[in-house]
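Okay, so we've got a single protein chain in two different forms coming up as structure tokens, structure 1 first and structure 2 after it.
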Structure 1
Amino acid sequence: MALAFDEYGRPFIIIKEQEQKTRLRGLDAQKANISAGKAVARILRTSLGPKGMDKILQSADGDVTISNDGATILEQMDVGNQIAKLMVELSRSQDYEIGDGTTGVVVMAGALLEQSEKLLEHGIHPIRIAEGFEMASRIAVENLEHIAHKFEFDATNVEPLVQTCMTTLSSKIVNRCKHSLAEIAVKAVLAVADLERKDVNLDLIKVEGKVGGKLEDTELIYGIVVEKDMSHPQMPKRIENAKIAILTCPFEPPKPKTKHKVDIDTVEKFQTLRQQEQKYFDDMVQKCKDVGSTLVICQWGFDDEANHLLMHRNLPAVRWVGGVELELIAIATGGRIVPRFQELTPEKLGKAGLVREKSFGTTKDRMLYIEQCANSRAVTIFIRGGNKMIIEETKRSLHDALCVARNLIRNNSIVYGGGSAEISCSLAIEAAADGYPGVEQYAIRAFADALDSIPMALAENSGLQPIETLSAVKSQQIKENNPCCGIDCNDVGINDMREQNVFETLIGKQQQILLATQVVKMILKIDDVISPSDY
């Protein structure tokens, strides 16, 4: 423990209760941090690539998640170590920013840490290593731009998009029907995409899952699916050309916000109050009817009396629809959300070609489909699958695929997958390294080695000889000057990723390298860890 002395030689305490805290400094701290980071990366390493394995995660409440998605695995892990938490953050930020490549980024960071450990042992100062990494990452990003291909697609020719989404999906459990799922994802994204602004609002894509059936039954619905049923069992289950009133006010007498009391002290008052109450209900239903709506969707409930009145006037209604769903319905049907009955006008009604209730299986499960909407800009992907975990995992996989499709619409540059981009960067960095005088040169070379670890992990997971395969591919890239050679994970027999149709997005790859470098720099700069010791 550090003990400081003042000018009279008396010891004084810098850190409160320092006896009870553990402290690591200098090289020890860096090494401890590095090994923590590496441990996290080691967990994810086996999940990389199309032959990557899954992890079972059991939460504190005993719920089981089975996943292959790096971000999900790390999020569900009960991580206690601070540096490990940084890695979790890293994966999460890749997830928020890009949506895909969450495993790759952690493996990359782990490899960088491993390399820096060796450099530290050589006595190179951590800051110099960090600077070297920074330079190398810049070279890598430039190289990626250099080898990237623009690739053309439009609303009619979506096949390239589908291929890219398939690359993402092939590492997940859903790879059995990756083509149909990739198609669904692309169609969904294109349906909501704003091709002029090159932007996609993924909030407009709702992903719903229901246990049962098989994965092949997953479908894309140009409309909204809500897990609700009609408020009255005898209301019609199918409405064509529906005009929908979307309400956020309950079918109840108004409740003024100011405190008030209605005192009843005579029989007459009691009578008038009663009549007033009946009139309220009648008025509300009448207002809905007057504007010509044929379906009422309400965020709140309504009591039996209102329910029956609606039924009676032949006005089907759905109650207790959640806020998010309500918004989606409003967007899809082109209606306005109406907060008060007085403000209901015919223009504010949403329109849908078909609203139907569908029941599933042997239990009383019903879903409400709202289809053929006026504005088809909101879609729903409806997933079916054998069990709850498959559905959850499919949801996560589809989210990745959707993100990839969105990224491509934003920026249609792609690089080739299967580790080919990493190998090409590694070669470029290695070539450039000799041009740097000074200690950084070592760090830059180390960076190139770290990049190799991703194709290495891919080869390892696919059951190939990692070193042999990697060196073969590397020499092939140099010989043929072809940056598309990668690891043949699927055992097809071709190394050229262009022929295998394995694509990844350029921004995804660039982000991976930049994020990983940043985190590693941060970890390297720490030279003192003070933590409260166990009590």
Structure 2
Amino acid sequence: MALAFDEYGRPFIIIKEQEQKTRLRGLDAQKANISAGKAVARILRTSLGPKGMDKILQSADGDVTISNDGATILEQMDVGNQIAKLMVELSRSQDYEIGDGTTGVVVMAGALLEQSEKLLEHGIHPIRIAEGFEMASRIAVENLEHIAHKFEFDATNVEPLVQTCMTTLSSKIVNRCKHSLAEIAVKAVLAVADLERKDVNLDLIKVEGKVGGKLEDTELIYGIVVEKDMSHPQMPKRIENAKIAILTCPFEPPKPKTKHKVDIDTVEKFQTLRQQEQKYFDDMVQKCKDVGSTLVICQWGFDDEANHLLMHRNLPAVRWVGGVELELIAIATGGRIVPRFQELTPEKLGKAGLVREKSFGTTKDRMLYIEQCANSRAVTIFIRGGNKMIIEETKRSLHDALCVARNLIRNNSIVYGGGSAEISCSLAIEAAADGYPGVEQYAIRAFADALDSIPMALAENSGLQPIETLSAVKSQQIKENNPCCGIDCNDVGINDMREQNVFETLIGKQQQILLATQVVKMILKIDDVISPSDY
């Protein structure tokens, strides 16, 4: 396979253990790579758009995931082929950067690979195809800038943001209450956004879910929800104007670091030891009372003695609260996390208008709501749903909506959805292709054809005649010179996406085209695949 001869005619081996490796080279390698990429795109093609289908994925340990979020499906699919892994990376990078459009970007890359296969069969060199795609993607990105609309919004008028988030949510399971969820997402983002710096820290938005109730019960809490209850059942369940001591030190007597042994040979010694221990607890509780705290939140546990004392001294407490939650509580209430009782001062206490414990259903599930905080820059979205899978999918859908709202705050340009932007770019590239002499012209036209695959998939998934619908919308765009005509997926009767309020973010769309082109160029440039054989 990889045998070469030196100047004396003696054979020598280039690749070690070559009988255990398989090798594909030239056109065969490119075709194999292209078919692997197309196979991945074909899986996701049916879950594109508002009428897209969902996929059910079962992991090795029996966990079931139902989703139509491209990034999630590919993450869970456990792909073995190296080119298919590139497609997984592609959707992941779209998810990290934009948060939305993870299915579209893979479908787009699959369509480009399909077109490049035809060009390779015509004998065009892969590098020339890649260059043509690069030129076409530049034209498409410029055209998107040209057809984009800026819209103004402020803290009082958030309707444009809500409309764009609704477009994102319309393709998910949760589309029946997309308006309320979009509003929740926008309010949450605006609560933590820094509008002057145009920046949003999504870590300040905590998304919690609880099985039970219905999707409509999902709510936004300007504060923090902790899945804990009061440490003693007789402690008050509602505290108003709470002053919160946030501790990372345990309510226990200090333990010596070295090995130790206590010999007790008389009752008096035992009594002394017990009193000493009780004094420790007393001092700890007293220190919390002295600084004026009315609620203690502790990262560690405390034994029954401390619990009993806290209860008697009317000091409600919560134990075993995780580190991340403690940080969020500290941010929301404006408190400081205190590592030692000696450092407790009144300035380090957090303030909250209301702390209440809420129980759910007939089970013993209780949660602690910390609301009306001094600094409401940390919020919680609390999701309810019929089963665990619905809640997980709602979390993923809300993550997409939050990312879209964040992108719009960073850059408030939008293009219209429903495949209208792709059709417009396709027409622009088709028109510009004549200006390019040489073989690249074929690749540029192929790119225009590939862009049509997204509206085509949307029409197909919506149960329309794909080719008829696409050509009708295309001719309407040319006739009316209106780049807002797209596929009428929801069967409203109008093709104008402005009237249907279907928006997408400009940076999301541009990123899709650029990322898909980059990956396809990379796949086209591979002409030799050496891999270990299966046995």
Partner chain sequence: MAIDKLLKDEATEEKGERARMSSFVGAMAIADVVKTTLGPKGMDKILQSAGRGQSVTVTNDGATILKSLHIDNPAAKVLIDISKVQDDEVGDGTTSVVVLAGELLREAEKLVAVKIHPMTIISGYRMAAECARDALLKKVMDNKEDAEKFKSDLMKIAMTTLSSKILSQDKEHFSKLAVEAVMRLKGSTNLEAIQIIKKAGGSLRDSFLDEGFILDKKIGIGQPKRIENANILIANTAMDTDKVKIYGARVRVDSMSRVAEIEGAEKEKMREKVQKIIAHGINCFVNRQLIYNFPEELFADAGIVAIEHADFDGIERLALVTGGEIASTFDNPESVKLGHCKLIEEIMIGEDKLIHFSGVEMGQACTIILRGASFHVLDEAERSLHDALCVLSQTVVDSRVLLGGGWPEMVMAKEVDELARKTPGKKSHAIEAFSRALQAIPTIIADNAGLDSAELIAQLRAEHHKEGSNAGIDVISGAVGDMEKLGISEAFKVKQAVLLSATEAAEMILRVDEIITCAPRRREDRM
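Please read all numbers here as calculations on a predicted model, not as lab measurements. Numbering for residues begins at 1 and runs along the sequence of structure 1. Think of the rigid core as the biggest set of C-alphas that the two forms share within 1.5 Å after superposition.
Only structure 2 comes from the form predicted alone.
In a rigid-core overlay of the protein, L113 has its C-alpha displaced by under 2 Å between structure 1 and structure 2. Once you line up the core between structure 1 and structure 2, the Cα of H146 stays within less than 2 Å of where it was. The rigid-core alignment places the CA of E392 less than 2 Å apart between structure 1 and structure 2. Look at A306: with the core superposed, its C-alpha moves 2.4 Å between structure 1 and structure 2.
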